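Next up: just one chain, as structure tokens, the form predicted alone.
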Amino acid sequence: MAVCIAVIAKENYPLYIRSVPTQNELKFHYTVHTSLDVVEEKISAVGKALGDQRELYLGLLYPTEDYKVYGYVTNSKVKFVIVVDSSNTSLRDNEIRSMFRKLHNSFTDVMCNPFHNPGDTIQSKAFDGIVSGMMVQTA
């Protein structure tokens, strides 16, 4: 499953970043922020081609030696980034899509909470639980 999951605001600041090996947390922050350039590139390319009809799932943003980075953008321009270990070859594209759908639904639940201020970092235990279920389990 995922080794890092991030939710990035419309203005490109992190609302939520969680990574499994906590000793590599800074590396994952860097990976997520470098992926934002690719996300912006894909959004502008798709926006010109299709107008308002846009696929939310951006697919594989870029592979690195150790990881594969996937992206998803909501209609409100909030970006989800999932980093997966490259050695995990059993993970298919439709499984990544379902992870993003589950993440988007949980994010929507957080935004619908009347006690959450949009733009603040996400501190929901329910959201954290959903993300924990998607992360690689370390034994």
Partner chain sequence: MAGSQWELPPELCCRPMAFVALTGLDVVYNAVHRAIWDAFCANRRADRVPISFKVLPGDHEYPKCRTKRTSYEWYIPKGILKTGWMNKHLNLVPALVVLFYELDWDDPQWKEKQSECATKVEIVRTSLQGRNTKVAVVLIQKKTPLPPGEDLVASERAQALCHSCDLSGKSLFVLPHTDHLVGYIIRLENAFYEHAQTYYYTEIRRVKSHKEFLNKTTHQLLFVRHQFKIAFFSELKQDTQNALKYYRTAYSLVHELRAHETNMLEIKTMAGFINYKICRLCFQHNTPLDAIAQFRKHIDLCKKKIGSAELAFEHSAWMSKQFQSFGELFDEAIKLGLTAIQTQNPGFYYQQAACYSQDRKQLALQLCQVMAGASYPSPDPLDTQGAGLDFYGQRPWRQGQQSIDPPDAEKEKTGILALQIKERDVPHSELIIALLSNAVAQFKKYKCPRMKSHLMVQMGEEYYHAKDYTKALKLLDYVMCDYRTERWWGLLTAILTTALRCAYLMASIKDYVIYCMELLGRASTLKEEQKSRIEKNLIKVLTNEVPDAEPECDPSSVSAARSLWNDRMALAGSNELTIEVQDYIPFIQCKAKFQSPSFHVDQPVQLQVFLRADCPHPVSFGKLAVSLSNQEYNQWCVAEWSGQEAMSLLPGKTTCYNFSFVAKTEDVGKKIEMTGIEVMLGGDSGRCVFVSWRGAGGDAASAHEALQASRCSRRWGRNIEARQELDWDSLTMQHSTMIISRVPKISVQLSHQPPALTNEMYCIKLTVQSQEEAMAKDVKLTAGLKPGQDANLGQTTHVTLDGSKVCDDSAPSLLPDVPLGELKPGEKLEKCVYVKCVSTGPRVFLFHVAYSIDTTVEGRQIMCKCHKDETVTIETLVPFEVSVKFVSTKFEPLDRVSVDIPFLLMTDILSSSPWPLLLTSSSLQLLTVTSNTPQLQSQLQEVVLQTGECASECFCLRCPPQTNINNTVATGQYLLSWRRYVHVNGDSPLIQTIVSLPHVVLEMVPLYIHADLPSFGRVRESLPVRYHIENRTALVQEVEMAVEPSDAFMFSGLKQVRLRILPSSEQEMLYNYYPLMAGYQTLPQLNISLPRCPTFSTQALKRFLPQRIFVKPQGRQLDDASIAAA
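Positions refer to the first chain, counted from 1. Note that the coordinates shown come from a computational prediction; the quantities given were computed from them, not determined experimentally.
Below, we turn to the form predicted in complex with the partner chain, even though it does not appear here.
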Residue-level contact is defined here as any heavy atom of the residue lying within 4.5 Å of the partner chain in the predicted complex; does residue 88 satisfy this criterion? no
Is there a non-hydrogen atom of residue 14 within 4.5 angstroms of a non-hydrogen atom of the partner chain in the predicted complex? yes
Examine residue 62 and determine whether its closest non-hydrogen atom to the partner chain in the predicted complex is within 4.5 angstroms. yes
Report yes if any heavy atom of residue 117 sits within 4.5 Å of a heavy atom of the partner chain in the predicted complex; otherwise report no. yes
Can you pick the stretch from 68-76, 34-42, 88-96, 101-109 whose heavy atoms fall within 4.5 Å of the partner chain in the predicted complex? 34-42
